[in-house]
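A single chain, nothing else alongside it, follows as structure tokens in the form predicted alone.
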């Protein structure tokens, strides 16, 4: 297991108006799975390429297992990159594909057979050793690619949106498989995705990247529930951002004065609350802290839940409630919304 440290990485491609990666710092503890999430074009894949040695940084350092990677070629870094395109060799069997890296390293054939069998068990593909890639489903091909990456026991596994081409059910299966495989092997892993749910579901730690820079890094629950900045809150789906004037544990906003669970940091300029944390009830009663009379402006049924847009004073709030709890509500109905103090998160920016 190897710790990966990225220090002030900067990379600008020729002709680009701004750096793809700028002053990027990230610490990946040995044996952990970290997700790197951000919108398309924010620089996530460039970070992977820099770690793998497929591109060189203009500034900054990469350390793998404490060793600086400057001048170290890709094949000597102990990093394996797995992308959306699994790129299996079409003329080779599943077993030959999985064992390819070991053969290139001159490993004894008997050892290769044993390791390949173990890996196919790990990715739940026993008995498919003799099949060709053309005989596999998309999900099976991805499992073979994962086995091929893991069998060489890399110092770091780099996953570049490996699940983006799979349908939702297969994506969930592969997500769980990657998590289990990483736990079993203990390989330090950096998993790039643009899917916010995926980013917090599989990780030991989550890093948010925006416009080439690290915007937030920590435990998934902390990143999700306590975004710290307006930009991270919006990217992570907080939706409701209320600018305000802070005074101790209260903040005056466009919908009224809100009570906070704790004093805000001095740099706070707004509070955010996720749609699912707002409570909605019938009628216009406003008894209780942080409870306001509203009216429903729109309702959107999404299967398991309903998303309601409600007018609160001079502003709008987006509320997500279980589908059964929304039964009987209609557009124009008076409702009350409650914003629990512990669900209000002060942010800067």
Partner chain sequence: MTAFGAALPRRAGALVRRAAARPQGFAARSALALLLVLLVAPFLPVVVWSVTRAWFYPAIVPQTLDLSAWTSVFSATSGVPAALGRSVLIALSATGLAMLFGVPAGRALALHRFPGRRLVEVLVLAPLVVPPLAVAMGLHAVFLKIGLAGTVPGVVLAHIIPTLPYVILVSASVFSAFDTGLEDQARSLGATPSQVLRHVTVPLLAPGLAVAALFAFLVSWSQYGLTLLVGSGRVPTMPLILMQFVTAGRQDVAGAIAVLTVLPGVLALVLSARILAAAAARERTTS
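Note that the rigid core is defined as the largest set of C-alphas that superpose within 1.5 Å between two forms. Everything numeric here is computed off the predicted structure, so don't read it as measured data. Numbering follows the first chain given and starts at 1.
One more form of this protein, predicted together with the partner chain, exists but is not displayed; see below.
*Asks:* Taking a heavy atom within 4.5 Å as contact, would all three of 27, 207 and 214 count as contacting the partner chain in the predicted complex?
*Replies:* Contact check failed for every one of 27, 207 and 214.
*Asks:* If contact means a heavy atom within 4.5 Å, which one of 298 to 306, 314 to 322, 31 to 39, 49 to 57 is the stretch that engages the partner chain in the predicted complex?
*Replies:* Contact criterion met by 49 to 57 only.
*Asks:* Consider the chain as shown here, without its partner, and state which of 223, 199, 149, 159 has a heavy atom within 4.5 Å of the partner chain in the predicted complex.
*Replies:* Looking at the other structure, the residue within range turns out to be 149.
*Asks:* Tell me, which of 244, 101, 139, 264 has a heavy atom within 4.5 angstroms of the partner chain in the predicted complex?
*Replies:* Exactly one listed residue reaches within 4.5 Å, namely 101.
*Asks:* Quick one: is residue 135 in contact with the partner chain in the predicted complex, heavy atoms, 4.5 Å cut-off?
*Replies:* Heavy-atom contact with the partner chain at 4.5 Å: present for residue 135.
*Asks:* Can residue 80 be called a contact residue for the partner chain in the predicted complex at 4.5 Å between heavy atoms?
*Replies:* Residue-level check for residue 80: yes, a contact with the partner chain.
*Asks:* Classify residue 173 as contacting or not contacting the partner chain in the predicted complex by the rule of any non-hydrogen atom within 4.5 angstroms, answering yes or no.
*Replies:* Contact with the partner chain, no.
*Asks:* According to a 4.5 angstroms non-hydrogen atom cut-off, is residue 248 in contact with the partner chain in the predicted complex?
*Replies:* Answer no; every heavy atom of residue 248 is more than 4.5 Å from the partner chain in the predicted complex.
*Asks:* For a quick check, can you give me the residues of 309 to 345 that have a heavy atom within 4.5 Å of the partner chain in the predicted complex?
*Replies:* Residues within 4.5 Å: none in this stretch.
*Asks:* Core aligned, does the CA of residue 256 move at least 2 Å between the shown form and the other one?
*Replies:* After core superposition, the C-alpha of residue 256 moves less than 2 Å between the shown form and the other one.
*Asks:* Using a rigid core alignment, state whether the CA of residue 133 is displaced by 2 Å or more between the shown form and the other one.
*Replies:* After core superposition, the displacement of the residue 133 C-alpha between the shown form and the other one reaches the 2 Å mark, so yes.
*Asks:* For residue 266, is the C-alpha shift between the shown form and the other one 2 Å or more after core superposition?
*Replies:* Comparing the forms between the shown form and the other one, which are aligned on their rigid core, residue 266 does not shift its C-alpha by 2 Å or more.
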